[in-house]
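Before any questions on binding or motion, here is one chain by itself as structure tokens, the form predicted alone.
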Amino acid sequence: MSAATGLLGGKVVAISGVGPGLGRTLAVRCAENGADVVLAARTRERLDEVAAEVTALGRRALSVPTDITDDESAAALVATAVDEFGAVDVLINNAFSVPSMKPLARTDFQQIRDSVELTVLGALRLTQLFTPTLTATEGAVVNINSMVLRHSQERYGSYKLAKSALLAMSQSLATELGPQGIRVNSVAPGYIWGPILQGYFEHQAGKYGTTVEQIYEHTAAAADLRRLPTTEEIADAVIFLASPMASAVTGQCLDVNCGEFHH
């Protein structure tokens, strides 16, 4: 249970990209903080699993299979959410695609287009469509970014390109939507310690004949706290920005990386 229970009491939160990692944790954490949730992703089975966790906490959950790169599918998400709950107070853009991980000189242009279509234009599409109800509630948008903003390491070029565009878009939207009472902020996680990263570390350990613990320690050594942030810690930063506690915060990017990069 979050220490800040009730920050989202009575609010309705729409979350895109609900999967087994951060998306699931966001939904559960929002419910623990008093919110009803609208869950959007392409796979209904995954949505229904998370919805069951939310309802077990005593909050309402609405599962809407959605392709956020499709105009009609995204519009149906918004219409269904408003029809069910009357209004939406918070939009969390969490949709994610695995980056190309090739040098930009060898990155396929279609991969870059696909990444931008989902990460940037998908978030913009949802923000546009939710703007009327967010205006009515003087709501908030939180976009999930990445610490890739803070470095130029090899093979992250196409991912950084998309996430940098997402940050620029978030800042512009904060300026444009501010007069309507809508706040737009970003959270930039570092490596997120959860099931997905643990599975990757297990794969790497098997590949290189080492242990998950050794890979974790090596990865965390670059961070001031000598550890990696958890999915729960990322979610709590998102909830803060979505909540009335951040009522004067907009156009900002909150880095949550245990001190790996300073900004």
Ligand SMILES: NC(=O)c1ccc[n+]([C@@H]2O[C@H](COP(=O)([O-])OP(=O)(O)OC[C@H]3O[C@@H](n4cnc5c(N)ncnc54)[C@H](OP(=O)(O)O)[C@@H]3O)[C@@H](O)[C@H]2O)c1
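Each residue number is its position in the shown sequence, starting from 1. Small disclaimer: the values here were computed from a predicted structure and weren't measured.
Omitted here: the form predicted in complex with the named molecule. The next part is about that form.
- Stretch 43-51 is the contacting one of 43-51, 220-228, 204-212, 30-38, since its residues have non-hydrogen atoms within 4.5 Å of the named molecule in the predicted bound form.
- The named molecule is not shown here, and in the predicted bound form it never comes within 4.5 Å of any heavy atom of Ser158.
- Looking at Ala165, you'd find every heavy atom of it more than 4.5 angstroms from the named molecule in the predicted bound form.
- Under a 4.5 angstroms non-hydrogen atom cutoff, the named molecule in the predicted bound form lacks Leu134 among its neighbouring residues.
- With a 4.5 Å cutoff on heavy atoms, Phe96 counts as touching the named molecule in the predicted bound form.
- Across the proposed site, Gly23, Asp67 and Ser146 without exception bring a heavy atom within 4.5 Å of the named molecule in the predicted bound form.
- Taking a 4.5 Å heavy atom cutoff to the named molecule in the predicted bound form, the contact residue among Leu118, Val82, Ile112, Met169 is Leu118.
- Only one of Ile192, Leu129, Val184, Ala123 comes within 4.5 Å of the named molecule in the predicted bound form through a heavy atom, and that residue is Ile192.
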